[in-house]
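What follows is a single chain, given as structure tokens, in the form predicted alone.
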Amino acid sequence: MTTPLLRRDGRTRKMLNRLGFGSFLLPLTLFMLLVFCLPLIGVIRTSICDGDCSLVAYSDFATGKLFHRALTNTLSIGFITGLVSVTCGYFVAYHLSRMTARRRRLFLVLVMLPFWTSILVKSFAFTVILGTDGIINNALQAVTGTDIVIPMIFNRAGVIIGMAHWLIPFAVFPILSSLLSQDKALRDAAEIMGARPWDIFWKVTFPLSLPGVIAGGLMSSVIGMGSFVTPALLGGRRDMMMANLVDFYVREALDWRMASAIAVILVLIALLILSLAAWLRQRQERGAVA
């Protein structure tokens, strides 16, 4: 017979294990507390108490047109970049899933190459490729024999191209994991029943890969919303994002309270999106079980 004390002790142990304490995740949990949670608390404190304590930075953010434009740019660029990354990443992941394990390892190295190059170097490289006198426009002029110039830099298109190139690997790996975990017998059964390849993909393969698609899209969008270097180098004045505002208020305006408030709001938006996605995932799983 178990006593209430033992039952309470068992619940506490389960809660600690769920949080990462009392397991192999303890070092990682402590590391995240030290390098993420504690500095974030300091940023929240600076956004409220920088000399005197007030919420003036948050009220300015709520009423300022510049902040509204930056917030709209951040959400729209993040969403579009996530969509482009998932779309391009799905083709790559689908092709990799049809390879043998040996060939797949080789091509995965090529997929990871963007991680081995600085985002600053890649953004400068895109100025050479996408510029008005860049490789693409020079090639188009040579082919057409005209002075055609397609503006692909210092605008929204340049930002999305540069960020998607950086974020596609973040979409490839979750989608590839979902595709590799699928049972090949399901596609074989659909083929035996007379389904065409296109129907097999849309009714079997794609629905089963949706968890990877959602995970890759969320990861790409959230990381894209916090991007700073690519919008600064490839975007125009109308493409300023919230991370660029943080840089402006830290380096030029020297307003640490406003910069901290913008950073806190950006973190809250990311947490809200991730929490909403987790809630929808749990609701979908409960509906599937029911």
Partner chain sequence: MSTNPSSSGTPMRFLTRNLSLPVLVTWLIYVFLLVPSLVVIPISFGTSNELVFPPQDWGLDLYRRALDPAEGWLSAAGRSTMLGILATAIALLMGVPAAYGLSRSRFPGQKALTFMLMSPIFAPTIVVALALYLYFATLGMTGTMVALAMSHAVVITPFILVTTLSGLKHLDRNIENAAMVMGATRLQIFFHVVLPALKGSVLTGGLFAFLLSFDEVIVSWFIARSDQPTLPVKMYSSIQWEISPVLSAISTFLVAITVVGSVVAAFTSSAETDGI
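Numbering follows the first chain given and starts at 1. The term rigid core refers to the most C-alpha atoms you can superpose between the two forms while keeping them within 1.5 Å. Remember, it's a predicted structure, so these values are computed and weren't measured experimentally.
One more form of this protein exists, namely the form predicted together with the partner chain; it is left out here, but the text below deals with it.
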Picking from 190, 215, 92, 75, the single residue whose non-hydrogen atoms come within 4.5 angstroms of the partner chain in the predicted bound form is 92
Heavy atom within 4.5 Å of the partner chain in the predicted bound form, from candidates 119, 152, 208, 83, belongs to 119
key: Non-hydrogen atom within 4.5 Å of the partner chain in the predicted bound form for each of 28, 32 and 129   = yes
**Asked** Is there a non-hydrogen atom of residue 101 within 4.5 angstroms of a non-hydrogen atom of the partner chain in the predicted bound form?
**Response** yes
- [ ] Classify residue 113 as contacting or not contacting the partner chain in the predicted bound form by the rule of any non-hydrogen atom within 4.5 angstroms, answering yes or no.
- [x] yes
Task: Partner proximity in the predicted bound form: residue 39 to the partner chain, non-hydrogen atom cutoff 4.5 Å - done: yes
* Any chance residue 165 has a heavy atom within 4.5 Å of the partner chain in the predicted bound form? -> yes
Taking the partner chain in the predicted bound form and a 4.5 Å non-hydrogen atom cutoff, the residues of 215-249 making contact are 226, 228, 229, 232, 233, 243, 246, 247
By the 2 angstroms cut-off, has the C-alpha of residue 268 moved between the shown form and the other one once the rigid core is superposed? no
